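This document starts with one chain, in the form predicted alone, laid out as structure tokens.
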Amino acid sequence: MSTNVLSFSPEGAETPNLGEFIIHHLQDSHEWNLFGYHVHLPTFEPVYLFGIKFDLSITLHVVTMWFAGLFLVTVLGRLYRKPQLVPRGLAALVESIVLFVRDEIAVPNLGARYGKVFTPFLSTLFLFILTLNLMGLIPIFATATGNISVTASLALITFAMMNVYGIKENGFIGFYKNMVPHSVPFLMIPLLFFIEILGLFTKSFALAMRLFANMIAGHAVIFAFLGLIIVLGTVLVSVFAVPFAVFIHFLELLVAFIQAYIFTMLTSLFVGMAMHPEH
């Protein structure tokens, strides 16, 4: 897809294209615009496995995820390098987040026993998604959670946890047997079983699409407002376009927290339903 934000009219004159402008700023890229310097990221030949093409090239979204992971490992490592009886500052904030995830997300959905077991995983998931969402608001980075490949990968982790811990808690046969209510007519069992199996996939699909759509929508609105200045070719539009874009930008701060919470909460809920289908 072309990254040129200009299109040609039938008379040959160049006219701004708002759609191309928005897509250019939302899509992943092999180039990193770092304070005005265009850094070309490494590209590799595609790898084919069972006829499926895998592109292992480094993109801007990959770099953003690397920075998010490095940031969390570095900051959390330094905060808790020395145990503190009463954490202060940023350490107290992180501890409050972990306690919130444990008491309000993990334990209610997974029970007291597994809630504590899953708290490290769910806390990591929440902080990682939140960091990616917030980094997407920084001009030198991109919104990795606005990439369906990223959100689908996170949803696949949830899908794996649902099946692994569902089978661990109920046994292989018991896990799939409990998908169908015991009181239904025998002839309805195959249909209900198929629907429940499909439900395992649709839950993960919904997780991926929800995070992807919510994160990309706000950014699309911001670039739409800013793109009006280019399309209409006058700075007078900036009188209302820029304030609206700034307002949406601050609204995206709230969305970043909400979407990290929703993804984490639904992950714990879906895993809890797989482990305790009778509840």
Partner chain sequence: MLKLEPGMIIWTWITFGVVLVLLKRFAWQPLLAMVEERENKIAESLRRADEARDQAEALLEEQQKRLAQAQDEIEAMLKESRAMAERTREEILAKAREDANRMLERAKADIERERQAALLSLKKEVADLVVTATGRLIGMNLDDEKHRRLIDEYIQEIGKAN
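Residue numbers count along the first chain shown, from 1. It should be emphasised that the depicted structure is a prediction, and the values quoted were computed from it without experimental measurement.
Not on display, but discussed next: the form predicted together with its partner chain.
Worksheet item: Non-hydrogen atoms within 4.5 angstroms of its partner chain in the predicted bound form: do 95, 121 and 153 all have one?
Response: Every residue of the candidate spot has a heavy atom within 4.5 Å of its partner chain in the predicted bound form.
Item to complete: Using heavy atoms only and a 4.5 Å cut-off, determine which of 147, 109, 204, 133 is in contact with its partner chain in the predicted bound form.
Response: Exactly one listed residue reaches within 4.5 Å, namely 147.
Item to complete: Name the single residue among 167, 137, 180, 125 that comes within 4.5 Å of its partner chain in the predicted bound form, judging by heavy atoms.
Response: By the 4.5 Å criterion, the partner-contacting residue is 125.
Worksheet item: Any of the heavy atoms of residue 33 lying within 4.5 Å of its partner chain in the predicted bound form?
Response: Outside the cut-off, so no.
Worksheet item: Looking in the predicted bound form, any heavy atom of residue 244 within 4.5 Å of its partner chain?
Response: Residue 244 lies outside the contact set for its partner chain.
Discussion item. Can you tell me if residue 192 lies within 4.5 angstroms of its partner chain in the predicted bound form, counting non-hydrogen atoms only?
Written reply: Contact check for residue 192: no, nothing within 4.5 Å of its partner chain in the predicted bound form.
Worksheet item: Heavy atoms within 4.5 Å of its partner chain in the predicted bound form: does residue 240 have any?
Response: Because no heavy atom of residue 240 falls inside 4.5 Å of its partner chain in the predicted bound form, the answer is no.
Worksheet entry | Region of this chain that lies against its partner chain in the predicted bound form, out of 194 to 202, 181 to 189, 75 to 83, 168 to 176 [heavy atom, 4.5 Å] | Going through the listed ranges, the match is 75 to 83.
Discussion item. With its partner chain taken in the predicted bound form, which residues across 41 to 64 come within 4.5 angstroms through any non-hydrogen atom?
Written reply: In sequence order, 52, 53, 54, 55, 56, 57, 58, 59, 61, 62 come within 4.5 Å of the partner.
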